[in-house]
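Okay, so here's just one chain, in C-alpha cells, the form predicted alone.
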C-alpha cells in the first residue's frame, strides 16, 4: 500500500471475518486517480481484467495480458491506502497447471504489492486454489458467469437456472473448501445466490446476483455512466459522467473555434521591466 499513508490496510483475513456482517463494498479501478477515489469508500478494490474492454477497447477480456494486469495493478496500489487490492489473473495464465498459476500469481503480487489475486472457475480450479493458498497466495474465487469462458458459455447469459443450479452450488462449495477467502457470484438468480451465501463460510460478493450476498461489486466506469452504449440490467448508474464529459468537451471545442479560449485570465503577460538601479 501507499508508503506515506497511515491508514491500516485491509487484509484477506479481515474480509473473511466480515462474513454475515456489514456488506462488503467493492469497485474496480485501473488507474491511480480512480484508486484514490475508490479507496475512500470501499473495502476491496478490484483490478479487473475488464480493463481490457474499459480502457483498451478490446471486445472481451480474453486479450488481456499478464503485463497489462501488472501495469494497472501497480498504478492502483500506488493510489490505495486501506482497501484490499485484488488483481485478476488473465486468461491463459493459470489454467494449465497449479504450478503455472503459482508462478504467475507470485509475479503479480511481488511486482504490484497487491494482497490477493482473483481467478475464475469452480470445481475445475479447486486444486489450483488450494495450491496457491498453501503457498501464501490469497485467492478470491469467481463462479457463475465467468467472462473468460464466454465462448464456451455461449455469451453473457444468466447462469444457474433450473438444473444448472446444482453445478453452481458444487462450484461454490469446491472453492470454499479449497481455501478461497471470498467468492464473486456473477449473473445468478437472486434465489440461488441466497442459497450459496447461506451455505458457505466465506463471503460472497455479488454482481448481478441479488441482495443477499455478503457484498457487491460493480465496474466503476459502468456505475459512473461513462458508457452510453452499455447498460446491463445489474448495473445501477450512480452518475452520468459520460454525458457531463461530452458536454464539457463540446463546450471547450466551441470556445476554441470561436477564439473565446484562452482569455486573459488564462494567459501570461510579458514580465514587467526591471527598475533601473540608481548609482
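This one's a predicted model, so the numbers in the text were calculated from it and none came from an experiment. Residue numbers count along the first chain shown, from 1.
We do not show the form predicted together with a small molecule, though everything after this point is about it.
- Of the listed positions (125, 196, 207, 117), a single one reaches within 4.5 angstroms of the small molecule by any non-hydrogen atom in the model of the complex, namely 207.
- Among 213, 42, 35, 217, the residue placing a heavy atom within 4.5 Å of the small molecule in the model of the complex is 217.
- A residue is said to contact a partner when one of its heavy atoms sits within 4.5 Å of a partner heavy atom; residue 60 fails this definition for the small molecule in the model of the complex, lying far away.
- Within this chain, residue 184 lines the site of the small molecule in the model of the complex, having a heavy atom no more than 4.5 Å away.
- Within this chain, residue 50 lines the site of the small molecule in the model of the complex, having a heavy atom no more than 4.5 Å away.
- Stretch-level contact check against the small molecule in the model of the complex with heavy atoms at 4.5 Å: of 184-192, 106-114, 126-134, 153-161, the positive one is 184-192.
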